[in-house]
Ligand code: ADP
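Heads up, the chain below is alone and in the form predicted on its own; it's given as structure tokens.
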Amino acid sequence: MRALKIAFITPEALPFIKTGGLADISGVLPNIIAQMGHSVRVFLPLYRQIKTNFANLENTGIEITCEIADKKYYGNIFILPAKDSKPEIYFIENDYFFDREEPYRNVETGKDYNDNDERIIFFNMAILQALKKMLWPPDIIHCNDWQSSLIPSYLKTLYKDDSFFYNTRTVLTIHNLAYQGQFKAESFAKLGIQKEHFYPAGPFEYWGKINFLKSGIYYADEITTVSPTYAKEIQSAGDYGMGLEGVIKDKSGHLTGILNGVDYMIWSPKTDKLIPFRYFPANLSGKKKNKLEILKTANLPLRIEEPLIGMISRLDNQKGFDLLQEIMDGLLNLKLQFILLGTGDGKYHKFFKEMEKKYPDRIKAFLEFDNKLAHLISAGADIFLMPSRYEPCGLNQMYSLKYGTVPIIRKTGGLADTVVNFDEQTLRGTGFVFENYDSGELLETIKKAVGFYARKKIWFKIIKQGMGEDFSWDTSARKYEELYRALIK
């Protein structure tokens, strides 16, 4: 079978820029697809952080001109040349839009930039122009989240009669439906799309506003989400469908859930260079040493026989912190210790600082993000906690399984697809699962896990079953390849 030409569009990707899990995926998936023999080109905005950290970028000489609301904006296309079978990485340059301290929001106010609509319109327009100037018509344009959702919309409107894209098909991956790119109705005029496309309940309109993600879902040839369960959940109302369940249900025949993978070159206790002691299933002595190391780092008593619960998360209601707040006293009155790493809502920063003062020998909250510390918590903790209200995929539960850190999760999204509830009758399972979004049920599940921690023989069995799970990217990448090929037939 012939190699495909795939343009991968993303607002962030490691090692260039990261604000969330999308960057992890965008940093790995294109590489694997390229290694499978396909021609892959990745497109990102040229943010200030990228300009500063990657001085070896080259100007391709391709110039871009986009008209937005009767104003012309100019840009250039930069490239990080490909090595071996890696994809070529292209960057859309426009200092007015992208030379800022943060990708999406003002650091001083904490609010989104007022011109995020124009910034994303420029990014999407520029990519389609760049592809034409490169004389490189892709078989597939793989878009990610609302920041590239205008590309399917443009191809089915402004470019619908353009022979250059005649054989191009689009895939839109929804990583988190909560982020949709909603703007005032006046923003529609900036798109350059005929005004008859904006009407009540139409592709772009959403309760009197414009919704970039909705338009992408409507116009994309195929929609994917980052786990099979999440693909089902987002067709229902409430926390899952986020108001778009109707348009998603209409596209259900073109909706596929493909689980995100894990890069085991980075996340494996056998080879991890960021932890002081490496280990593997046949010899877990290194895990105990890492536990001592993280307890010392947290300045907590070295109670090695008590379970240590770890949590690495954005501090937000979506992640279950409202439940945790309700049970924290009951949790910390159990014989255990708790370490948290993350930042987020100020009320939770304040709450965990209060908990530290109240239980100085039980809890440590690192209210920051530190990648090295994240690896050490994954390796040193006995239990990993993810009580999410909803979770499109989640990566930390998959990391924790490989590190022999038993996850406690709520049965939702990718968490439900990756963690098997332990069954005492069959002795099968990789973690502990609760179903209802209820603080009492969460606390009972934690107590159950703590009880099994004392039963060392069973606990080691759970650990080793988890470490034996394989969520590598190979399987997921093959599913994307199959989807691409089915689209171009």
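None of the values given here were measured: they were computed from a predicted structure. One rule holds for the numbers: they count along the sequence shown, beginning at 1.
The form predicted together with the named molecule exists for this protein as well; it is not shown, and the discussion that follows is about that form.
Colleague: Looking in the predicted complex, is the named molecule within 4.5 angstroms of a heavy atom from every one of I383, Y403 and I463?
Modeller: No: no residue has a heavy atom within 4.5 Å of the partner.
Colleague: Which single stretch, out of 198-206, 312-320, 132-140, 238-246, brings residue heavy atoms within 4.5 Å of the named molecule in the predicted complex?
Modeller: The contacting stretch here is 312-320.
Colleague: Just to confirm, with a 4.5 Å cut-off on non-hydrogen atoms, which of E368, D250, E305, D95 contacts the named molecule in the predicted complex?
Modeller: Flagged contact: E368.
Colleague: Tell me, out of G342, G257, G286, P407, which residue has a non-hydrogen atom within 4.5 angstroms of the named molecule in the predicted complex.
Modeller: The option sitting close enough to the partner is G342.
Colleague: Do A82 and the named molecule come within 4.5 Å of each other in the predicted complex, heavy atoms counted?
Modeller: Result no; A82 lies far from the named molecule in the predicted complex.
Colleague: Could you tell me if L395 has a non-hydrogen atom within 4.5 Å of the named molecule in the predicted complex?
Modeller: Result yes; L395 sits at the interface with the named molecule in the predicted complex.
Colleague: Using the partner position in the predicted complex, report whether F338 sits within 4.5 Å of the named molecule, counting heavy atoms only.
Modeller: No - in the predicted complex, heavy atoms of F338 and the named molecule never come within 4.5 Å of each other.
Colleague: Does the 4.5 Å heavy atom contact test between R478 and the named molecule in the predicted complex come out positive?
Modeller: Close contact is absent here: in the predicted complex, R478 is far from the named molecule, nothing within 4.5 Å, heavy atoms only.
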